[in-house]
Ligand code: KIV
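Coming up is one lone chain in structure tokens, specifically the form predicted alone.
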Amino acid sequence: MSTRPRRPAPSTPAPGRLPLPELAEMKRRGDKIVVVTAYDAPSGRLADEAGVDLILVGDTAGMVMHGHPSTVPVSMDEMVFMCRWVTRGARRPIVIGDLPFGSYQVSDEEAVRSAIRFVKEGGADVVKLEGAGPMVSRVRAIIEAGIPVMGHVGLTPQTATALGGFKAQGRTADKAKRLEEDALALEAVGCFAIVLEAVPAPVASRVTSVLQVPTIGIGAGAGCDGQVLVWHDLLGFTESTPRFVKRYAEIGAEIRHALEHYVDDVRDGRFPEQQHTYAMPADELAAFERSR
């Protein structure tokens, strides 16, 4: 285990959640914003204790928690449940509810209803949705309903098939310019931050420089205002990870080793031992045995 001391959070917030305007101040000061996904109360608590600034209750749960090949099958009900769990564990970080596929695409009204569910039922502070273009109207409607929105451009996993699969976006001059325009459009309607996923580092750096709101990169280089990684990827639960992931632990291997040890102990009679059992008074035991 690393003994390197943890850096303190860049500011000392008032009790409770990190104030949302502080993110813009962090961008202005050049303080990096730390984001991680989480899906339950223990993960939310640990991320909080580690000094994470924002927790994304991501629809990536469909892949890393539920075993689906993509994020598409995740339902709004499932996302609300997980958000509720995370908010029970996290105190300081801003909690972001990730609107799943099918919960906002049909209409502005549906998008607002879904966002309200995240806040009222899930306890989310803000929501995130993918894409620009027609989605700009959805963002505007949600913000007008009083709920802050984080945007997301570049690789948008919910529509990865239309993008040609899970691969980097904005790799030609025209596509990079369109990505920049999409990010500016999302900022113009009021997004408080924008995720840049799987975008060439020079493109992400330029987008970051032209936006007034923070950018959060995932596979977009170090020029973004902050970074986000998926819990299971950075901790080593997953078997394979994208090239932009840095593993900070191999928890999956440790869990498997512990389970193998448990299996061996049970089968060889080494568990449970005396200290793992409960006793009863001798007279009660004698009375119990006489009752046969």
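Predicted model only: the values in this text are computed from it and were never measured. Residue numbers run from 1 along the displayed sequence.
Keep in mind the form predicted in complex with the named molecule is missing from the figure; the text below concerns it.
The three marked residues, Asp53, Ile96 and Thr215, fail to reach the named molecule in the predicted bound form, with no heavy atom of any inside 4.5 Å. When you look in the predicted bound form, the only residue of Met65, Met26, Val230, Val34 with a non-hydrogen atom within 4.5 Å of the named molecule is Val230. This chain is drawn without the named molecule; in the predicted bound form, the residue among Asp125, Glu187, Glu197, Glu180 with a heavy atom within 4.5 Å of it is Glu197.
The shortest heavy atom separation between Gly58 and the named molecule in the predicted bound form is within 4.5 Å. Using a 4.5 angstroms threshold between heavy atoms, His152 counts as touching the named molecule in the predicted bound form. The chain is drawn here without the named molecule; in the predicted bound form, the stretch among 189-197, 113-121, 82-90, 207-215 whose residues come within 4.5 Å of it by any heavy atom is 189-197.
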